[in-house]
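One chain follows as structure tokens, the form predicted on its own.
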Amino acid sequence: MSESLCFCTTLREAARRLTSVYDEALSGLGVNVAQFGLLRILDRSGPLTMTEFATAAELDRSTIGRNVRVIERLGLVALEAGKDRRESVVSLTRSGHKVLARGVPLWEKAQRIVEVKLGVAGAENLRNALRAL
């Protein structure tokens, strides 16, 4: 067995800790950071087909489908038939826009918490290291 730490394990552990910072900050909204991130993608991109949404979120088509069903049940997105009726189009609802508006300051607070923990230089180094992957 190797003496070195596994990059994947270390990153996954850190990701869970990081996720909990954001989830705690967003807890009053009834969404987690993954769901909030999906809403942000729709806000930036406008209505997307499920395939486009999966690509934008860097998720496979079946995963985005499961995630969309959850945020649809929360009333945050709506599904409509696309031009090609075989594919649905996902768009933000009024409630989805409201959650985003309320959530941005909470998300920014989580960002500041992480940056304080890492320091400005540490945060920038982490961003750069992760982009290199």
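So that there is no doubt, residue numbering starts at 1 and follows the sequence shown. This structure is a prediction, so every number in the text was calculated from the model and none was measured.
Absent from the display: the form predicted together with the DNA. The rest refers to it.
- Only one of 39 to 47, 104 to 112, 91 to 99, 76 to 84 lies within 4.5 Å of the DNA in the predicted bound form by heavy atoms, and it is 76 to 84.
- Heavy atoms of residue 117 never reach within 4.5 Å of the DNA in the predicted bound form, leaving it off the interface.
- Among residues of the shown chain, residue 56 is not one whose heavy atoms approach the DNA to within 4.5 Å in the predicted bound form.
- At the 4.5 Å threshold, heavy atoms of residue 63 reach the DNA in the predicted bound form.
- Proximity of residue 27 to the DNA in the predicted bound form: non-hydrogen atoms within 4.5 Å are absent; the residue sits far from the partner.
- Residues of 14 to 42 that come within 4.5 Å of the DNA in the predicted bound form, judged by any heavy atom, are 16, 32, 34, 35 in sequence order.
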